[in-house]
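Given as structure tokens, the chain that follows is alone and in the form predicted alone.
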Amino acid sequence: MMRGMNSASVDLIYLDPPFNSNHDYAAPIGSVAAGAEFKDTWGLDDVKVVWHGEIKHEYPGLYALLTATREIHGDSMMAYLIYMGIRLIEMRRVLAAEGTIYLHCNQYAGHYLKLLLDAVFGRRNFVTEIIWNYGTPSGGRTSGKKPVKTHDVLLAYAAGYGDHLYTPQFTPYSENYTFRWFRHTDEDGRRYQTRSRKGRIVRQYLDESPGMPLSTVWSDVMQLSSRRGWFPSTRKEEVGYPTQKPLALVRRVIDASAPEGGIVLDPFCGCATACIAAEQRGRRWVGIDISPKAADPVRVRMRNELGLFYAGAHRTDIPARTDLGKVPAYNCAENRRYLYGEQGGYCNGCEEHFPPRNFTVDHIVPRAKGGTDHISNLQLLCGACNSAKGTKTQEELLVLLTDKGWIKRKKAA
């Protein structure tokens, strides 16, 4: 679906993907999200070999990371990172120049995802790591031979560090902070503290102060109440989705990094928390999910939580990009001449040399899978390779030709 989105069209990406937790999840029967389910166990049979090949040929640094991960952690983590990597590559393309991406993760794969983001977005575009301290180590959480887990992590990266939008956020002063620092009261009963400004003593009033600047540890947003009854103050938001996050968490991300009227993308939208939060904050939004049930919570939550009838578009087809300008017919003579010169007269499949008349203009990513007629998505294939490829992707073709023994294994995924 993202392949059909225009480049640099999204201002903020928030994603809460599977965590590689080795668990399977399903919403309970009778809940708003009933029928929604996903598995979070991974093996190499869960990812397309062509994804591995696409990463290998386009992102050699990322491919090296995947190879190292397999040696250290095994097939499961490698498969998970392939699944995430191929999607992050598209997210990087659709993110605007001033945009930021927040990836929600935890201890299962967070350290590997940090390296993945370094490879795709560039380590110099790392903005920060946010610790979401969502609860307290009480009750059943205290069992086990290790410290109690009470946090998740949000990894933030910019499309271009320094150009990215950030609106400073503030949290209310704690009662203790207010007592210690705003300890004076004027004749009107207003609390204040004194500060030195350019050799003068001035008053900073509590009711004129924005609060404490937002830090990288967020402990004021509780997780949603669970079946065990933790944190019931957020129960009204629950729709039964197994990994649902609180609206307050995503609203804070939006307030900090999405411009007024900007577009928020959640490519793992699940029960639509990011979509609802964006609507609440006056931003436009796009939600993508693999589950056909994902659109149902949007409609229900729009009505129940916002009092709105859902007026958005629910699409199951791949959108057509509109940012490529006027594109000539893909098989025009101009494209043929350019591609023949670029490829040096060699087929991009079997790598044999042919005269121009033996070539066919081919879509690297088929139009049926989101590919365009732009020259960047075109190549020349000989007649045999073109027939073998059909509606397959280029990487699928390379795997096929390898299996047939037409090309060496080093060219394939």
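Numbers for residues come from their place in the sequence shown, where the first is 1. All values derive from a computational prediction rather than experimental measurement.
The form predicted in complex with a small molecule exists for this protein as well; it is not shown, and the discussion that follows is about that form.
Distance criterion of 4.5 Å from any heavy atom to the small molecule in the predicted bound form singles out 291 from the list 291, 193, 178, 150. Contact with the small molecule in the predicted bound form, defined as a heavy atom within 4.5 Å, holds for exactly one of 112, 268, 121, 218, namely 268. Annotated contacts: 16, 87 and 273 all touch the small molecule in the predicted bound form [non-hydrogen atom within 4.5 angstroms].
A residue is said to contact a partner when one of its heavy atoms sits within 4.5 Å of a partner heavy atom; residue 157 fails this definition for the small molecule in the predicted bound form, lying far away. At a distance threshold of 4.5 angstroms between non-hydrogen atoms, residue 92 is out of contact with the small molecule in the predicted bound form. Mapping the unseen interface onto this chain, residue 335 falls outside it, with no heavy atom inside 4.5 Å of the small molecule in the predicted bound form. Shown alone here, residue 125 lies farther than 4.5 Å from the small molecule in the predicted bound form, counting heavy atoms only. Partner contact region in the predicted bound form: 79-87, out of 79-87, 252-260, 210-218, 196-204, criterion any non-hydrogen atom within 4.5 Å of the small molecule.
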